[in-house]
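Shown next as structure tokens: one chain only, the form predicted on its own.
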Amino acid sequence: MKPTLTVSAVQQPCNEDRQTNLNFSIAKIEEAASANADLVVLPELHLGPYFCQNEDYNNFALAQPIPGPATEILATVAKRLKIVIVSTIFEKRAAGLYHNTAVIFDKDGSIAGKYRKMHIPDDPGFYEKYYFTPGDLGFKPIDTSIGKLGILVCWDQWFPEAARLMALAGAELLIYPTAIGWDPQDTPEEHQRQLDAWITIQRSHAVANGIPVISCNRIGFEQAPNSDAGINFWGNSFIAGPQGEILTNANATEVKLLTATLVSTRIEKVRQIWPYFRDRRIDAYQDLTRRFID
């Protein structure tokens, strides 16, 4: 990783049409570039409303190939501004085969790599298994001009195995584009418990692996089709350092460009004083590959 790295995350609403959302994202990327950011992260599936609230065959028309129209635009932006961009796109890989895919654009406008979301949820309001095939690219960091980026997407953030495998493969930064929110029918107490758990688990990935974390969520209420129900996306995006310390964050409702500076020597120092990789008992972890130990 560069000796110092300025990183940004865009917390934004995504409840408008594709062009409006894309224009908003690009405006925030330009703002990040004007602040000399090396990297900017956009929320999960930022091109449109979160369509997975129901199962509707017509939504497959939203998918795009990679490369495709959206990636061509973002590649041009990355090259013009000389900034690394992390975007997630509903990928049409082939007829009947779709993924939730993070695309990483390097500063020269090239696609540095892709990550296809590995853990796919299937819960009320989050019917992603209907749309997305689980990823098949593994937990492999993406080499870029600014370092090795460990990209994971939303539901992946709850799994310590995913973060660990990215770190073991050399990721110098963990990045979580996200679309997560509350059921408005839940109590305020339940809302707080869910939010606290979400922040805690991602900060713990920073601590356990000694590397910074960027968590980038959308905001705003998005009503489910043909229903009074919906999701209130809770924002609270943040950037944490290698000890899980919060460097910058947003609240549940604000549109905000989060920016922080990371220092590579500090990351190395944290790993020296907390040498988890040295003390891992790899000879005793075989059962981690089992579904359950009866």
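Because the structure is predicted, anything quoted here is derived from the model rather than measured. Residue positions are given as counts along the sequence shown, with the first one as 1.
What comes next is about the form predicted in complex with another copy of the chain, which is not displayed.
Participant: For the chain seen here without its partner, which of 90-98, 71-79, 191-199, 104-112 has a heavy atom within 4.5 Å of another copy of the chain in the model of the complex?
Facilitator: Looking at the other structure, the answer is 191-199.
Participant: Please state whether all three residues Asp123, Gln243 and Tyr285 have a non-hydrogen atom within 4.5 angstroms of another copy of the chain in the model of the complex.
Facilitator: Each of the three qualifies.
Participant: In the model of the complex, is there a heavy atom of another copy of the chain that lies within 4.5 Å of any heavy atom of Gly135, even though the partner is absent here?
Facilitator: Judged by the heavy-atom cut-off of 4.5 Å, Gly135 is in contact with another copy of the chain in the model of the complex.
Participant: Quick one: is Ile85 in contact with another copy of the chain in the model of the complex, heavy atoms, 4.5 Å cut-off?
Facilitator: Flag for Ile85 set to no.
Participant: How about Trp274 - does it come within 4.5 Å of another copy of the chain in the model of the complex, if we only consider non-hydrogen atoms?
Facilitator: Yes, Trp274 sits close enough to another copy of the chain in the model of the complex that at least one of its heavy atoms falls within 4.5 Å.
Participant: Residue-level contact is defined here as any heavy atom of the residue lying within 4.5 Å of another copy of the chain in the model of the complex; does Met118 satisfy this criterion?
Facilitator: Close contact exists here: in the model of the complex, Met118 approaches another copy of the chain to within 4.5 Å, heavy atoms only.
Participant: At 4.5 Å, heavy atom to heavy atom, what parts of 158-173 sit next to another copy of the chain in the model of the complex? List them in sequence order, or say none.
Facilitator: The stretch touches the partner through Trp158, Phe159, Pro160, Glu161, Arg164, Leu165, Ala167, Leu168, Ala169, Gly170.
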